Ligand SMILES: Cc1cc2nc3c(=O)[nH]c(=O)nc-3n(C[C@H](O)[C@H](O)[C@H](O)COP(=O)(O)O)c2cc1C
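A single chain comes next, written as structure tokens; it is the form predicted alone.
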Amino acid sequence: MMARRNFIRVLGGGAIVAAGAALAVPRLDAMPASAIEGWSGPKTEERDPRRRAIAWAMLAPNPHNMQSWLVDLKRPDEIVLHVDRDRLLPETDPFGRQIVVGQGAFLELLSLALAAEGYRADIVLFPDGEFAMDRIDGRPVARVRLAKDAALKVDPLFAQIPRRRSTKTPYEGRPLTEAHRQALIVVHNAASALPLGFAVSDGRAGDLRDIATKASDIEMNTPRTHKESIDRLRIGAAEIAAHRDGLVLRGPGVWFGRQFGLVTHEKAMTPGTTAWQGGRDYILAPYANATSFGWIAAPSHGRSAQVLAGRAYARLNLKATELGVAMQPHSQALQEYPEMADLYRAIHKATITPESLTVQMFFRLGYAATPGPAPRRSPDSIVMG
């Protein structure tokens, strides 16, 4: 078997070093077209405005890209949103907080898409009552009634939905500009009353960078939480095409690593292996020169606050896309399992968040090349029978 030093870029992009020779094979193990067809929007033959809007809403950011949404379309002019409880994250998100935030992101894109179809979305959150704070049950997250409204205008942010990304690669070293920070504040304040904060190239940004790095390390070095990610890791084009969800690992380096048995789910779980170390480097490297962070807080109690935080984040992400600002959610330090408790307290202290509030979204900002889209399942897959 080749030594690890001969696979310097097993988890990298268009070229690897194998047995001393550089092999440039940029299309090997490419993202399957079927996995990203959803980023082109609804099918032209689709006439139901609800299904057309759902196709756009499925492009929302969501934890581990599990797309934990279910919609009931049995009643005309109505969409009832549920959580798909087969797609939870019990180890890293034991109370389902992040999953509910992801429901909010879906609702924000859904509302924008319905407006583009000429419909006002009248949204009632938790019409049958909120979930308890420690579990998710079968009650709906929201009931959305469509009302035709000729006076509606298409929100400019709707055009950014297919361009939106969670950019996980290293960013340029330059911090978020003040003009861009102000533009993000304006779009947030126009639609949300939740507190929004930023740390840009100051001591607090350094503290947050350290917290983010340590939190990622803890998640990866805690076997059960790391396994939760590996169980949702799709390695190579065939797995990506089969699942169209989760975390993805693909490309020429990955393909060659698989041929030599260096990149497998088992190896990715095992500290000291090429796959494990490569995964760690991929996760931590982007934080080495991170200069700018943002966060959204909301009341600590009540599921509706989590939904509203998701809506606010999705809208902010769309505005960042319009501005050419890269964003990446960082969930690790906000996770509520015992090993993360010290850093959970640390991030609330560093962001000066009062005890009555919870940091619901924490994210990195900056400037970077736009990555390709993440996989998405078919909209039909989330429609309840």
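Numbers for residues come from their place in the sequence shown, where the first is 1. Please read these numbers as outputs of a predicted model, since none were measured by experiment.
Below, we refer to the form predicted in complex with the named molecule, which is not included among the displayed structures.
- Heavy atoms within 4.5 Å of the named molecule in the predicted complex map, among the stretches 122 to 130, 290 to 298, 188 to 196, 162 to 170, onto 162 to 170 alone.
- Contact with the named molecule in the predicted complex holds for all three of Q98, V101 and Q328, each having a heavy atom within 4.5 Å.
- Using a 4.5 Å cutoff between non-hydrogen atoms, T351 does not count as a contact of the named molecule in the predicted complex.
- None of the heavy atoms of K319 is located within 4.5 Å of the named molecule in the predicted complex.
- In the predicted complex, none of the heavy atoms of R377 sits within 4.5 Å of a heavy atom of the named molecule.
- Put simply, G38 is far from the named molecule in the predicted complex: not one heavy atom of it is within 4.5 Å.
- With contact defined as any non-hydrogen atom lying within 4.5 angstroms of the named molecule in the predicted complex, M361 is the only contacting residue in 346 to 361.
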